[in-house]
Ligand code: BES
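Before any questions on binding or motion, here is one chain by itself as structure tokens, the form predicted on its own.
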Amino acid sequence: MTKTDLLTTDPLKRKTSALILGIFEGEGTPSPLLSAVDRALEGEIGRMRKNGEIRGKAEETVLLPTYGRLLARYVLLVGLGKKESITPESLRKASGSAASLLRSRNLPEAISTLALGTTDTAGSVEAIVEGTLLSLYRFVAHKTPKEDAPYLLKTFSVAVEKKTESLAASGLRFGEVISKNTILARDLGNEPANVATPTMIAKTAEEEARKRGISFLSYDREKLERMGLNALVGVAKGSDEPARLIILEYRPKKPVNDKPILLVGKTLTFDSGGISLKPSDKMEQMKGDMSGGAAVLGTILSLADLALPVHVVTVMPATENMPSGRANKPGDVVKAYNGKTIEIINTDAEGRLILADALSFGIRTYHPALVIDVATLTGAVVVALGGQALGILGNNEGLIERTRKVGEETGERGWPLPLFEEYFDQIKSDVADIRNTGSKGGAGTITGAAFLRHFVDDTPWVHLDIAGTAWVDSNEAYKPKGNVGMGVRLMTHLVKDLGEHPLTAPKTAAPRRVGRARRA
């Protein structure tokens, strides 16, 4: 990966391949640094602005050779949009656009000045590093002949003022760690399903945990059956690939929380739909149905790498969902770990089944202070929110709002959806306690969360549906086509925030009891 560092001296006095300068849209007086560069280039930047060749629009890029007038071989101008609208996410996108251009020109080093003059030094540096490193990512594991190293930018420096060096160092460290573990999550999500099997993911998790002193457990299907995780086992029995329940526990020496925070991630390594077979179009992308598991893995590794004093447990139910003579059938009934019976209406609504057992097992085993689950759960969330936001649902308004706020700050935005009492009627079953899909049309994301609500008891809980945001079909600023490692930034900062400021807000109403009469 690209080597990153801080530069606290004059960036014009450091030799480099490219000096990255930000330009605001409609900016009046340029910064002293921009003015100095413009003078060295004999007013070329000013002429380009006057002629409309560069306007400062967000993510706009122009590469100018300096012809020896500066120590930098090139000046890379990147648009930041309106000055009053600058955010960590706009810096992340601008840095990603700049890094993509540098990569296309095979430039080995760069200095970014985008953090200079910002009010949040740590957040700005983190965003710049993340945008740069994540933009450079390419998945080339199966290319033949082997491509050149995907990270062509060898050295990347972020210029900051000397007085902000301590804050900048913190931001740099967060950016490096979160990018590294987001890339791990991307790799797992981009690997084909014949490579990223439950066994492979368990092995990867074990290796990464061992490096950091994180405890690791993995239960196989036979053990899970004896333990009573029948909803997970039911999904797994249609596949020849062995299922796993993967558990990691990060317990620092002096945790700030008495009870752990529980993270649960859907780790469906391939989803054919089972007997309720999916259409063939884009079925190959179902290798990424384990993105929730990859996200919680990347999160706990980030927390350990950053040595954050928060006790965290992750649970990853890992399996395939395949059609076979042993597979679940529509109309089957299974008993989950917490004793509730589930009528299976659609075998393609399998993610909530494996999460149901993982949630109830994690809660009853580790007694967490709160639980966060993340899953590519429903196509309905794409209809509701597109690819711009993940769905946020839960039983605790304070936790939901904290999640939404941190999502805004980290660029992994979410939007709350309701869990009104009436939605629970849609998953009532005539033959079991609940059914795994709604009995009426619409609200698929909400009824999926309503189903999960039955497996969290009274524990404060938030559910993140990332089905619309886990994958991009074309290159974006810092998201190359493919799996984006969604959720690692959000959950790392959310867990850090929850550790520093424990949840105190009251929970919302419990789900309706099965069979309860409707109010008049």
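In case it trips you up, residue 1 is the first one in the sequence shown, and so on. What you see is a predicted model, and the numbers here were worked out from it, not measured in a lab.
Separately, the form predicted together with the named molecule exists; it is not shown, and the next lines address it.
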(message) Based on heavy atom distances of 4.5 Å or less, which listed stretch (247 to 255, 173 to 181, 135 to 143, 374 to 382) is in contact with the named molecule in the predicted bound form?
(response) 374 to 382
(message) Just to be sure I understand the contacts: of L494, A467, V456, V484, which is the one whose heavy atoms reach within 4.5 angstroms of the named molecule in the predicted bound form?
(response) A467
(message) Under a 4.5 angstroms heavy atom criterion, identify the one residue in S97, T437, S157, T164 near the named molecule in the predicted bound form.
(response) T437
(request) Verify the flagged residues D271, M286 and D348 against the named molecule in the predicted bound form: is each one within 4.5 Å by a non-hydrogen atom? (result) yes
(request) Classify K278 as contacting or not contacting the named molecule in the predicted bound form by the rule of any non-hydrogen atom within 4.5 angstroms, answering yes or no. (result) yes
(request) Find out whether any non-hydrogen atom of R92 is located within 4.5 angstroms of the named molecule in the predicted bound form, and reply yes or no. (result) no
(request) Mark R186 yes when one of its heavy atoms lies within 4.5 Å of a heavy atom of the named molecule in the predicted bound form, and no otherwise. (result) no
(message) Going through 250 to 267, which residues have a heavy atom within 4.5 Å of the named molecule in the predicted bound form? Please give them in sequence order.
(response) K266
